[in-house]
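In structure tokens, the next block holds one chain alone, the form predicted on its own.
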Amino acid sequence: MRLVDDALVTDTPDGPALLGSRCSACAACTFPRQAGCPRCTGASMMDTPLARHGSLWTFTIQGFRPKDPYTGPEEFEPFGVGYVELPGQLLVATRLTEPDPEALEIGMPMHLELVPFRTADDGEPVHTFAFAPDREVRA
């Protein structure tokens, strides 16, 4: 599966997870990965898979095509964007799979998914990460 950036995601036994970094001195987490700690300025950051589940902290609906350098399809469909709180780690700015604001609620459980984003020039689908309400969990 082609991703918008292979450095953003890692495989885990439970499925794909966002790849962040964690400071070995103060335990601060970052996403995406960083070489230095934004909390203690330490330089002992280690790669860490982030939680695959969290809760919706806030959201809005993107109602128009974002400006460049957005690389999504020319045909625009509204989509949700928000922050998802990953327990004990951080807030992640993310695309949401749900575009209907009436179907979203602050505090609702969410889970990570890899979703189609656009088609590359060679015709291969390119995926990105997004969080989905837990009620959308598929078997």
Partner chain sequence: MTDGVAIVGIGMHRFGRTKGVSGRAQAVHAAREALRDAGLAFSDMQFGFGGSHSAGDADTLVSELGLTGLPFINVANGCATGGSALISADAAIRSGQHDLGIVIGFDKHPRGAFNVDPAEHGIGSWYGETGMMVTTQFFGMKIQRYLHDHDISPDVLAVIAEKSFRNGSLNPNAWRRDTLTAAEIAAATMISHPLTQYMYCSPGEGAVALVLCRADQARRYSEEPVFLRGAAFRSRRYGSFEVYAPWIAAERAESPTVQASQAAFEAAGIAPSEVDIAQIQDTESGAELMHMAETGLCEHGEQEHLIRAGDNEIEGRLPINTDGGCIANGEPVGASGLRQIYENALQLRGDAGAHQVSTRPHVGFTHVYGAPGISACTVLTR
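Residue numbers count along the first chain shown, from 1. What you see is a predicted model; the values in this text were computed from it and never measured.
Just so you know, the form predicted in complex with the partner chain exists too; it's not on screen, but the next bit is about it.
Novice: Decide yes or no: are Asp5, Ala28 and Val81 jointly within 4.5 Å of the partner chain in the model of the complex, with each residue judged by its heavy atoms?
Specialist: Affirmative, all three are within 4.5 Å.
Novice: Just checking whether Val92 would be counted as a contact of the partner chain in the model of the complex - the rule being heavy atoms within 4.5 angstroms.
Specialist: Contact check for Val92: yes, within 4.5 Å of the partner chain in the model of the complex.
Novice: Though only this chain appears here, would Pro49 touch the partner chain in the model of the complex if you measure heavy atom gaps against 4.5 Å?
Specialist: No, Pro49 stays farther than 4.5 Å from the partner chain in the model of the complex.
Novice: Report whether the minimum heavy atom distance between Ile61 and the partner chain in the model of the complex is within 4.5 Å.
Specialist: Result yes; Ile61 sits at the interface with the partner chain in the model of the complex.
Novice: Is Ile106 part of the interface with the partner chain in the model of the complex - any heavy atom within 4.5 Å?
Specialist: Because a heavy atom of Ile106 falls inside 4.5 Å of the partner chain in the model of the complex, the answer is yes.
Novice: What residues of 63-79, in sequence order, lie within 4.5 Å of the partner chain in the model of the complex by heavy atom?
Specialist: Contacts from 63-79: Gly63, Phe64, Pro66, Lys67, Asp68, Pro69, Tyr70, Thr71, Gly72, Phe79.
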